[in-house]
Each structure stands twice: as structure tokens, then as C-alpha cells.
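For reference, the chain that follows is the form predicted on its own, supplied as C-alpha cells.
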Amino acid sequence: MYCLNPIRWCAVAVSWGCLVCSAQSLRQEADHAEVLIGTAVRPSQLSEVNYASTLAREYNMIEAEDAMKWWVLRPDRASFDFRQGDELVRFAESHGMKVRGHCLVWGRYNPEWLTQGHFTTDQLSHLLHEHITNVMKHFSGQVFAWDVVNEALDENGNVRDSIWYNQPGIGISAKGTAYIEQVFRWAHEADPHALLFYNEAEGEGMSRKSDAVYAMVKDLRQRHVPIDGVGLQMHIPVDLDIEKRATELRANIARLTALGVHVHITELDVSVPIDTKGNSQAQDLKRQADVFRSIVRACLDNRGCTAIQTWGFTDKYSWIGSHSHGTRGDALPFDRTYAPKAAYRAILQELSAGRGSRELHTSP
């Protein structure tokens, strides 16, 4: 039973497994700043009281880290397993949170039965259309926005080789981004009320890749393809030029929202160097807070940037350690004991400063 109150002070019987909730939170400040503050979530951790209480208190939006990907939802060709996704939806509904869906189409982390099935292009087209339709209809009215296509472009802005594009693809690989257009149209048919996003990594600044994303979205919008937003992932290291990164991010958000689409920061984490014992340096955590601050501010400076989401919220469960082979970590606003870090306070301060100060902008 979920019985956490994310908004008001609450004292609930210990026998119910609930904690006392604090009055100040990221979600309260985000509500006042008219922006969504979210995080990626694993349903297996919801049974941990500190995890669930912090999540419910601090965030007004959640996204499935893995629970809505192909390899979880579709264990074999004949069946769908929605149990993990449904658990996240129930948690969100019981705590007044929105749910982002992630992700319908990606060239990576697909189940072996699919990648090794030697399907023809016609068969793959049918399987993909069927998957999008079944998943979106199942979560219709519960998931307000979907990452429809994830990481479809390479570092040079070219369409990335994948099972959906050209290996063997769904039959339209000769037409560049045509398969991306097709899946957006299928997604809109399945749930006309959901916001549909293209989500990309390493495309938040001004670069060849971000130029390609902009050009693709502009083309899709001009031809009335139902794309509503762009997700900027932002897995970034602390050792970067903060001012340059923030300036480029602000410019990129501005040109994307000028096309009439939303921008979401979707997978933000800021990794710092750690030693062999897993410890980071105080000066790196201070600089990390400055990076988080600059990114939140860049989003709040444009009313078309409507959500800020981190990839997890506690260092206890961050993917950064394993991904970096133990050389980087401590990338999130809460430490391993769920204590708020300087990064948390920086986000909170920027959200508080964002009350009533967001520049005039016609929302998408």
C-alpha cells in the first residue's frame, strides 16, 4: 500500500511503513515555477521506504528507467508483460505524479528473440506497428508523454544503423528519416492525446548532431508529422565549461521551441571523479552544483522547456559507476543515504527563483 503524502506534513503509523514528510520539496517549487521535475525510476526499489518517500516528496513526474522498454514489456513474440510499468503508474497516480513513457523505438537493448529472429522487413514493420499500438493503448490516459524514438542519429547527425532503420529495417531505409516519421504517425494513431518526443543523447549543445536534430524536427513539423517535443538527455561530466555549455543549451532550446515543440531535459546526471573507495572531492561536488544550477536556469529561461528530469535521483542506484568502470560517480542530487547534496540545493534555489520570472514565451 502506498501512503506517502508528497505535499503536506504527514505523520503516518509506522506499521504502515511510512515516514514523516517534509514541507519543502523540489516538486513544490517546480509547481510554482510551472515546470515538471522528474526522475527515472525502477519499480523494484519502490519497496524501499527511503526510496519511495523521497521520490513521492520531491518529484511530480516519473519515467520508467527500463520497465517500458521492449526487453521488459515483450519477453517473447506472442506476449506482453505490463506488470512493472503498471506498478509505476499506480505509484504515480497515488502521489499525483505524471508519467513519461520510455521508449518505444530504439536500436539497442531489444530482446534476443527480436534481434536474432531473422525477420523480413515486412515482418519487422508489422511487429513494430503492433508493439507501438498495444503499448500505447495499454497506457493511454496514464502516460502523458512518450519518447517515441530514442537515439536514432549518430555523432555526425546521420541516421544510425539499427534493426529498425537498415538491419534490415522496416522497408524504408532508402528514405533517411522516413522510418522515424512512420513510427510517429503510428504512435499518434495509437494515442492521439499523448505528447510524442524524439529523445537524443549528446545533442544538447550546438553541434553537428544538434543541427541534424533541429533540421529533422523542422522538416517533420513542416510536413505535419505529429511530433510534439524533443528530449535532451544530458549525461554530462562535471569537468566542462559551464558557461559555454549553458549558453549553447539555451540557444538550442530557443531554436527548438521556436518550431512549436516542447523541450524536456530527460536524463540529466553530472558525474564527478571518484577514488578507489568510491569517494569524491568536495570541490567537485560544489562544481557539480553549479552545473545543475546552470542547466535548470537555462530551462527556466524559456517557457517552452517544460520538464527537467534526472536519470535516477540517489547515488545509491546510479548507472554511472558501472558504466565508467568505477572511475566516476556521485552524479545525482541525493547521496547514497538519501541526504540532499549541494546539487539538490542548487536545483531547489533555481526552481524557487523561477517563480513568476520565466520569460514570456508562447508555449507549444
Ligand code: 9MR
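Numbers follow the displayed sequence, beginning with 1. Source: prediction; values computed, not measured.
Unshown form predicted in complex with the named molecule; subsequent notes refer to it.
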- Since the chain is shown here on its own, which stretch among 103-111, 283-291, 222-230, 251-259 would lie within 4.5 Å of the named molecule in the predicted bound form, judged by heavy atoms? 103-111
- With the partner left out here, if you bring back the named molecule in the predicted bound form, are Y51, D315 and D335 all within 4.5 Å of it by some heavy atom? no
- Message: If we define contact as a non-hydrogen atom of the residue within 4.5 angstroms of the partner, is F80 a contact of the named molecule in the predicted bound form?
- Response: no
- Hey, in the predicted bound form, does E181 get a heavy atom within 4.5 angstroms of the named molecule? no
- Message: R328 versus the named molecule, in the predicted bound form: is there a non-hydrogen atom within 4.5 Å?
- Response: no
- Item | the named molecule contact in the predicted bound form: D301, any heavy atom under 4.5 Å | no
- Message: Going through 244-277, which residues have a heavy atom within 4.5 Å of the named molecule in the predicted bound form? Please give them in sequence order.
- Response: E267
